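The chain below stands alone and is given as structure tokens, in the form predicted on its own.
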Amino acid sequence: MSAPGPAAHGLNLAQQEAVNYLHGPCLVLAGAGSGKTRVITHKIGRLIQSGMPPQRIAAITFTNKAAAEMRERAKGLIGRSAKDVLVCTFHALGVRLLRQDGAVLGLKPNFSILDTDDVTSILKDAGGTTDAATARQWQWTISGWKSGGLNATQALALAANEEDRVAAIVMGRFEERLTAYQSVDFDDLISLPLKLLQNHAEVREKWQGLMGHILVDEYQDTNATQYEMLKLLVGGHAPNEARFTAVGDDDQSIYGWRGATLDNLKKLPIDFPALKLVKLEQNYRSTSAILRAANNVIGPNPKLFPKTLFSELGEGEPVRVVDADNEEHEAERAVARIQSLRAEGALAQEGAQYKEFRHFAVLYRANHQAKPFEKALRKANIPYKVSGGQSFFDRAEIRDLCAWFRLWSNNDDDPAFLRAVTTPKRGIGHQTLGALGVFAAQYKVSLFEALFSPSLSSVLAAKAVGSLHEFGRYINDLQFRARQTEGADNARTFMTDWLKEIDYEKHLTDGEESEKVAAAKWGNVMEFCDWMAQRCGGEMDDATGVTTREVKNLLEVAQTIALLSTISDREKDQDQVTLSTLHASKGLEWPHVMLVGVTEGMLPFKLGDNPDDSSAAQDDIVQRLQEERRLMYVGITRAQRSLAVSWTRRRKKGREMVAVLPSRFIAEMGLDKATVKEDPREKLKALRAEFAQRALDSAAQAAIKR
């Protein structure tokens, strides 16, 4: 699906400049589709060629998928040396630091990494609420504080209102529980390594010595804590000799809501005065018509580093604007456009590369907008996938198994203990677990440690204590066996036997009215076990970011579980139309893209009916509008060959239909209004008529020949 890039044997002049600058700080301003991954992988090769040991090179990305792609491309370019380069996410790098040196912070090497649901559960308990929405709000607030480098005490001191004060108090209790559980959340995987580097000189000097050159992908998405972490890792050199390459684009900064800040780009030239700036402005993805619309849209935003994308792929098709009466009508037109483009390709006898469903994407601002498009695609029998939908690891049956694995890895992981001991049910009820929890809290020990306490019998009946002891011994046995289990075949056998021992298939069957649903869940369990077994056989380790042939035991693999969010090849090569939010589409590309629901109040998202007149509130609105404009820019630049932008005159709001206006961004694209409007359904009718006429002509010619 990738568009043609620079010739395999060469780089353009700007790319060469970025690749060959090795001995100081470098910022590569990489416009959309300008070959940034190519630059990073070539620079890794150039560093190795210059004498830098591969083990001292780190390339940091933001997703496991991006890390996997970079690893593969580095391997194709530099061969076996690529396996020794550390290619990982920021969070995986944080895990590496904490596993090796977290002891000085009081962390055991086998600490647990809590997922979102675990954090919500702990926050509900810490805040004394049963309301998940309140807990999630605390979670967002606390995450923001952690991203900004604040602890609970600091957050409480800065609390501006009662809501913040309560959240800061809950944060303090939350931190106490994490310490007791020997657990961390995802924000801790950045904030704790930063604390480690700031406060422990011997650890800082060790890691500075290990890092010969750091390359950071998607630098504009870093938050304040990640920037401070980067500065400390490269701090073994004078600022003018700091060996790092930051690759990013201020025009694609769309994650302000989760702590990413453009201040990190502003600070680079200040903190590193000798910073080398290289601009990549040639786009190898899109046509000139698409890029012109993108440049026009982003134009009103202030520029940290001005640039203009250009393409040598030709003018291409004009960008189309499609209007519709409502969401259902808009979805019908999107489907008609897909059908007409495929029919057009068939009439022109193009290669198969632009006829397949996987070359089409429908992009929207919010998840709820997908529903009418799913209905329309199903009605037309067109296969599709919803990108960014439920992760494989979010399924209840997978989370059940992961809880057991986490408990093997870290007996002090209380959330994992509670899920494992009750799934499947084993006669240990809530009253028993409640009493155990009170006992554990009184003696400040984990639930697992508490169940073996000689004095537990003073608060629980002998039968309950016996059941808990039986469970505890079983966990210890599984932990021992998992540590001895190496290689794919052995791991597969172990997990098959274990699932039989706990009768997990029966648990699924008993919990579902539909046999079909239960069978599908069991199929997911089997797939997950097979995937785990493959990692024991020495496959790529997604969580640590290292490609290795080393055979691992099952316990080692289980310790990486919480970092993983997808099974990377589950949807590989499936011929489906992609439905995706604009945020989830970043970094991807398709020959044909439709941006839908491009109306005021949706894109840009609602900025407020009665905004505060204060300068701070007005500044906030301006900042949000600029980020929404960058989001539109990201959407436009996903398209390679054709782009259609659609909007509706009316939109559902509750049970009513309300009038809406086209987004201001459509006007900002600067399109030729006389040529861009399109009704795909009329076009499809004409194409079908042409197909029918060709069929008649062919039949007539065949009859004459006979």
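Computed from a predicted structure; not experimentally measured. Only the largest set of C-alpha atoms that superpose within 1.5 Å between the two forms is called the rigid core. Heads up: residue numbers just count along the shown sequence, starting at 1.
Beyond what is shown, the protein has a form predicted in complex with adenosine-5'-triphosphate (ATP); the following relates to that form.
The stretch from 165 to 173, 202 to 210, 82 to 90, 587 to 595 that comes within 4.5 Å of adenosine-5'-triphosphate (ATP) in the model of the complex, counting heavy atoms only, is 587 to 595. Contact annotation: of the candidates R333, R365, R285, R71, the single residue with a non-hydrogen atom within 4.5 angstroms of adenosine-5'-triphosphate (ATP) in the model of the complex is R285. A heavy atom within 4.5 Å of adenosine-5'-triphosphate (ATP) in the model of the complex is found for exactly one of I666, I57, C26, A32: A32. Although the partner is absent from this view, N64 stays clear of adenosine-5'-triphosphate (ATP) in the model of the complex, with no non-hydrogen atom inside 4.5 angstroms. Not displayed here, adenosine-5'-triphosphate (ATP) is approached by E218 to within 4.5 Å at the level of heavy atoms in the model of the complex. With a 4.5 Å cutoff on heavy atoms, L11 counts as touching adenosine-5'-triphosphate (ATP) in the model of the complex. Contact between T141 and adenosine-5'-triphosphate (ATP) in the model of the complex is not found at the 4.5 Å heavy atom cutoff. Residues G35, K36, T37, R38 are the ones in 35 to 71 with at least one heavy atom within 4.5 Å of adenosine-5'-triphosphate (ATP) in the model of the complex, listed in sequence order. Here T41 does not count as shifted, since its C-alpha moves by less than 2 Å between this form and the one not shown after the core is aligned. In the core-superposed comparison between this form and the one not shown, the C-alpha atom of I60 has shifted by less than 2 angstroms. Core-superposed comparison between this form and the one not shown: the Cα of A639 travels 2 Å or more.
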